[in-house]
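First comes one chain, alone, set out as structure tokens in the form predicted alone.
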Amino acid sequence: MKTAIATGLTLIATSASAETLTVYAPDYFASEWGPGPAIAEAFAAETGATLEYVTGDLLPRLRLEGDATEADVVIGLATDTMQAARETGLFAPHGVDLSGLTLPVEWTDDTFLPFNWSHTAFVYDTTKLDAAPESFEALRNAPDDLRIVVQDPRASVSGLALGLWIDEVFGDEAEAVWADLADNIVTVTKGWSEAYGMFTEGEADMVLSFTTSPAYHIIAEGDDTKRAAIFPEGHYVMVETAAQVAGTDQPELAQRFMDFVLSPAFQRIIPEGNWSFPAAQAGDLPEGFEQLDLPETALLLTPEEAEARRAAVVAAFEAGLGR
């Protein structure tokens, strides 16, 4: 699951079509290594319509544009930003049957439609780290020479997920946990891509990522040395969603896209297009996913809970690392 989001939006030009749907998406989604191009191709094959991606930082853009937004649909809003997105009042019910979902948590939201998910996790290289911490508490008390890179919860959805994960597991001790981790954190990055790049370049022993991240190394590189450390305390789940803009001037095409999101044609792209789990069953997962280390306990806050805790989570991060 790639989560890097940059400031500002960029239009990703596509071929002309009789019908074009404007899709606001994170940068990663429409990049050449993201799932967007394959999804656009599959949608065009099914409908004859073109997806025109406009990429960048979704929520600030939507808040700025309000009812004047040119988006027909938005994709890539994580559960932890759903409540803030809902409060813009821009979105319409998705109208999609949710009975085919395969999420590890119950999902009943009638506006935001999940399209993929994974557990937040610390990924490490078995050739460089003899023994990874076997619990979050052990990570908290790791030797100072263990180098970790994480993302900023103020700027990154994965960083916010880590903050919420710590808050959910440790509660009032969250600030102390950040303080304990401070000696191990070599860098806090604005996004996932920078952090993961540092890890793969050997600048850190562990990186905040996802339980599905090792699948990329196994399948694309034939490398099974990258693994996710599994903690018995449970792992915070990140779910990404799509939503239809209520004021779209193409409601029928927007609804066709929403119906497409949980279709096998879309969902089959997710495992190797976004290196995460599809939100709905679309056949067997690619060979290699069976090697992943997965937790027994999945943790997820409701969007309302996540939004309510955001300020405290950021405050604990700032105070803990500032000690």
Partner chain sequence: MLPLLAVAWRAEDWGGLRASDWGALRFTLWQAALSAALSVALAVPVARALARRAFPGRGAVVLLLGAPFILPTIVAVLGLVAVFGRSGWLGALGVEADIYGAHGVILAHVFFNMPLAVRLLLQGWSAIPGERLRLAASLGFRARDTFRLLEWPMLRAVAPGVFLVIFLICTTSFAVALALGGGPRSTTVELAIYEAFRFDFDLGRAALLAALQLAIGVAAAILTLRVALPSGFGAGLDRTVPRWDSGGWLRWQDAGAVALALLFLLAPMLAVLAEGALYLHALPASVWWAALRSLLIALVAAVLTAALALPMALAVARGRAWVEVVGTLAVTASPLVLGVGLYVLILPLANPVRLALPVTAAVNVLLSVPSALRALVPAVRDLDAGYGRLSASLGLRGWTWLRLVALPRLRRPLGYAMGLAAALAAGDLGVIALFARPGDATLPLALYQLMGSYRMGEAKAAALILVALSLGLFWLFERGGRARA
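Positions refer to the first chain, counted from 1. Bear in mind the structure is a predicted one, so any value in this text is a computation, not a measurement.
Beyond what is shown, the protein has a form predicted together with its partner chain; the following relates to that form.
Judged by heavy atoms within 4.5 Å of its partner chain in the model of the complex, the contact stretch among the candidates 198-206, 98-106, 132-140, 248-256 is 198-206. Among residues of the shown chain, residue 65 is one whose heavy atoms approach its partner chain to within 4.5 Å in the model of the complex. Although the partner is absent here, residue 309 is not a contact residue: none of its heavy atoms lies within 4.5 angstroms of its partner chain in the model of the complex. Its partner chain is not drawn, but in the model of the complex it has a heavy atom within 4.5 Å of residue 153. Contact check for residue 187: a heavy atom falls within 4.5 Å of its partner chain in the model of the complex. Put simply, of 54, 44, 285, 292 only one has a heavy atom within 4.5 Å of its partner chain in the model of the complex, and it is 54.
160 is the sole member of 242, 160, 229, 239 with a non-hydrogen atom within 4.5 Å of its partner chain in the model of the complex.
Against its partner chain in the model of the complex, the set 31, 61 and 193 is in full contact: each member has a heavy atom within 4.5 Å.
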